[in-house]
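Okay, here we've got a single chain as C-alpha cells, the form predicted alone, with questions on binding and movement later.
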Amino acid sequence: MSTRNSFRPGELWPDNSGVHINVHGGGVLFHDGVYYWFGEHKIAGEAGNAAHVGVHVYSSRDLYNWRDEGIALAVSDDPHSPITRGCILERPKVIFNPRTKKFVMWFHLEPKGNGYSDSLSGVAVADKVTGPFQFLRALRPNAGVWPLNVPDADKRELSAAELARLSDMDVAGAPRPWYPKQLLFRRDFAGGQMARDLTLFVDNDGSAYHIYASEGNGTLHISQLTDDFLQPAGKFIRVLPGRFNEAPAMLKHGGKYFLLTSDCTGWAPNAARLLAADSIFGQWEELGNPCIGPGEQIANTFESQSTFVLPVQGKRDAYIFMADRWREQNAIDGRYVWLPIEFQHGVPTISWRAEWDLSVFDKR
C-alpha cells in the first residue's frame, strides 16, 4: 500500500489493507498520541442501512493513513438483545473518562423491526480504546426531568385533550408547518426524551455532553452527562424548537460554542446550518449556512452531511469538518468528506477543496 499524504474528499479511502474504510456516521478520539476513528460498519446494498456487524474502529498517527483495528462493538446474535443483528445502530461516538479510565460509547439505537419509533440512546463501555466494548443499556434520556430553559407554566404533562390532539398529527421526523413546538417534550417527560442523531462533546472543564435530535427531530437537546459519562446528569436544554436540526457536530473556539447541523431531508443532502452560543446552556442563535462557494455546492453541503468536528492536535485553531456522503442503495459505498474549518471574523466557515493537507493550518 502506498502512503497517503493528503485528504481527497469524496474519493475512496483505503485502509492499511487497501480496503475502503468502513466507519460511517463516525467520530474520532485522540488518545495517547493516536487518533481512533469509530463508525458504523456497513454491508453492501440497502440491507447495509441496518447493523449487521457493529461499530468499526481504525487508528492513525497522521490522519491520512488508517489501520484497521477491527470491530469495537459487535452486534448480538441474541434475538432479545437491543443490539441484535438487524437493529439500527447509528452515529457512534467515543470519549475517554480520566476518572474511571473507561472508554465510553454512545450511539443512536432502534431495536430491530421497530423502524425509528423507539428513538433510544445506546451506551457501551470498554477498558481498551479499540474494545471490545460491552453494551450496558438502551435508554431515552432525561426521564422525569424538565428542560432548564422552559417556563414553569410548560412544566406539566399533557392533558387528555392535548394527547388526543397530538395523536392526530403527523410528526414523523421531517419539517411540518403544524409541528407542535411545546407538546412532544411534555408527552415524553415520564418515559424519557426521544434521541436520534447525536454527538458527544467534552468541555475544557472535563464535563461531557450528549447532543441529540429529539422531539420527532424537531428540536435539538443538549444534555449533560454524569461524572462517569454513563448516564444523563439531569440537566438539559431544548435548542431551537421546531427548526428541525439533525446531524449535530460541536466545536468551541474563542470561548464560543458552535454547532454544525443539517436539515431533515432523509438520505438526501441539504444546506448545512451553523448555530452559536456564548455558553453551552445559553441562548443558541442560528447564523446560517457555514459553507462558502458555488451555490450548487453549498446548497447540499458538498453532497454530504455533518457527523463530527475533529480538533487537530499540535496545531492552533485547527479543526476538520467530518461529513458523510450516504449511499442509501449501496450503504458500503458511502464516502467521507473531510474539509478544513476556517474562521472569518471568529465564525467557522467551510470551503470545498478537492485535495488538501494539514499544512493549511500552518498559515494561521
Ligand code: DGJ
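In this text, residue numbers run from 1 along the sequence as written. These numbers were taken from a predicted model, which means no experiment stands behind them.
Keep in mind that the form predicted together with the ligand is missing from the display, and what follows is about it.
Comment: the ligand is not present in this chain, but in the model of the complex one of 242, 206, 113, 266 has a heavy atom within 4.5 Å of it, namely 266.
326 is the sole member of 326, 338, 35, 319 with a non-hydrogen atom lying within 4.5 angstroms of the ligand in the model of the complex.
In the model of the complex, the ligand stays beyond 4.5 Å of every heavy atom belonging to residue 301. In the model of the complex, the ligand sits within 4.5 Å of a heavy atom belonging to residue 91. The stretch in contact with the ligand in the model of the complex, judged by heavy atoms within 4.5 Å, is 266 to 274, chosen from 266 to 274, 142 to 150, 174 to 182, 288 to 296. Contacts with the ligand in the model of the complex, taken as any heavy atom within 4.5 Å, map within 180 to 208 to 197 alone.
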